[in-house]
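Next up: a single chain in structure tokens, the form predicted on its own.
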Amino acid sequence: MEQYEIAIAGAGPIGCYIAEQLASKGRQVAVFEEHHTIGEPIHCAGLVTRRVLDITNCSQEDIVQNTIYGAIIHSPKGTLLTVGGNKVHALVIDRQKFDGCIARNAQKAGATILQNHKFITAKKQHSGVTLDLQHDELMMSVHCQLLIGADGAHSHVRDSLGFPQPIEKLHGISAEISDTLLDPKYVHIFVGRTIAPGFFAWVIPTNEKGTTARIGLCIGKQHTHSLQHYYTTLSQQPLLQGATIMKRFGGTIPLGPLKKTATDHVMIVGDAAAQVKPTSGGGIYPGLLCASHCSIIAEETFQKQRFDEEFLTRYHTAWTKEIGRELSLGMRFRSVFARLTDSQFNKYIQKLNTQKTIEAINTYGDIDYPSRLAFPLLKTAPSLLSLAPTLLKRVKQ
């Protein structure tokens, strides 16, 4: 049986980032990835801020496909709210190249990455954890002192070891398309129950000419039709007429961060722990923040030889202190957003469509920290108080 100090399930950006951090400190780290190719299949819209590249030390070259300056929000009745335009708010990245960059960094640091190794189950023992893995048709076992589950929304580590479940799971469908005529500086956001009940749909230009894009949507529990039905509605939007579908893919977004992310010899992180922004579904940035704390506590665990739940819970405490409030506020906002009717969407988008509120959005809007916009927005548009009194009460605290 192979023996490792640390085994990481999942070779996505979160798992490989942790692997790099720990291998660079001399730890014996193995990363097990169920798929054959790093970065595939795609499950992400690929819209991030510069912070993500700064944390991972990945260069923009080849990874960044386009820069986004603003957004055009489409109400159910077709009213447009245009925000941004004066500065870069987000970067469109090639996820396969981004994931590959972090994986190479991990390998250079000394980590072993084993692809086509599917995690099946794990058994905790006094000395660590034994993992059962499937490689092609063969079953194999691996022993480690510390297991880190970074294996995504459908985490087998989370499920096999009795961790709690996310509060909610959104299901999405996306596509890469060509032959578009888009302004490359703006993403398009569509809201309403006829196109993306419980969440929103998006069109993201993926090159500087606006001739290719990544489109998609997620739906919540409020849906009355299939994902394909809503995807068809999105694809029939006028700005997508004449577009050619190059590739289609889907995915799941877990929302509601887990109340427990550590137990004896085990920590879970990223989508596996639902460390995801409830307002946008983005998991890379919050996942990386939590991965940093996971790496620090993992190293301390070996230095002190403390693999018990009491010690490892320091990881849960640390990430909750840094980003827990932001995620909690996001869930409160989402609970309100998901219940809005089309007429309410029309009403509130109209309220936001003034020079003062747009200036506030342009100044304080931040896709990584959307709560920072709350007070400036309410100051310019007090009538929005009726939107979410429960949310506002929590923000003031």
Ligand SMILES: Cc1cc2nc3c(=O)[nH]c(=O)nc-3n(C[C@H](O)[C@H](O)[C@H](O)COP(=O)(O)OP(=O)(O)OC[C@H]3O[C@@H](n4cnc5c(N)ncnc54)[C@H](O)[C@@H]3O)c2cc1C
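From 1 onward, residues are counted along the sequence shown. Remember, predicted model here, so these are calculated numbers, not experimental data.
One more form of this protein should be noted, the form predicted in complex with the ligand, which is absent from this view; the next part is about it.
Trainee: Which is the contacting stretch out of 335 to 343, 351 to 359, 57 to 65, 30 to 38, given heavy atoms within 4.5 Å of the ligand in the model of the complex?
Mentor: Stretch with heavy atoms near the partner: 30 to 38.
Trainee: Find the only residue in His316, Arg95, His74, His89 having a heavy atom within 4.5 Å of the ligand in the model of the complex.
Mentor: Contact check passes for Arg95.
Trainee: Which of these residues, Arg104, Arg193, Lys118, Lys124, gets a heavy atom within 4.5 Å of the ligand in the model of the complex?
Mentor: Of the listed residues, the single hit is Lys118.
Trainee: At the 4.5 Å heavy atom threshold, is Ala11 in contact with the ligand in the model of the complex?
Mentor: It does: once the ligand is placed as it appears in the model of the complex, Ala11 has a heavy atom within 4.5 Å of it.
Trainee: Ile253 near the ligand in the model of the complex, any heavy atom under 4.5 Å?
Mentor: Looking in the model of the complex, residue contacts with the ligand include Ile253, since a heavy atom lies within 4.5 Å.
Trainee: Can you work out whether Pro257 and the ligand are in contact in the model of the complex, taking contact to mean some heavy atom pair no more than 4.5 Å apart?
Mentor: It does not: once the ligand is placed as it appears in the model of the complex, Pro257 has no heavy atom within 4.5 Å of it.
Trainee: Does at least one non-hydrogen atom of Pro166 fall within 4.5 angstroms of the ligand in the model of the complex?
Mentor: Contact with the ligand, no.
Trainee: May I ask you to list the residues of 141 to 158 that have any heavy atom within 4.5 angstroms of the ligand in the model of the complex, in sequence order?
Mentor: Stretch hits, in order: Ala150, Asp151, Gly152, His156.
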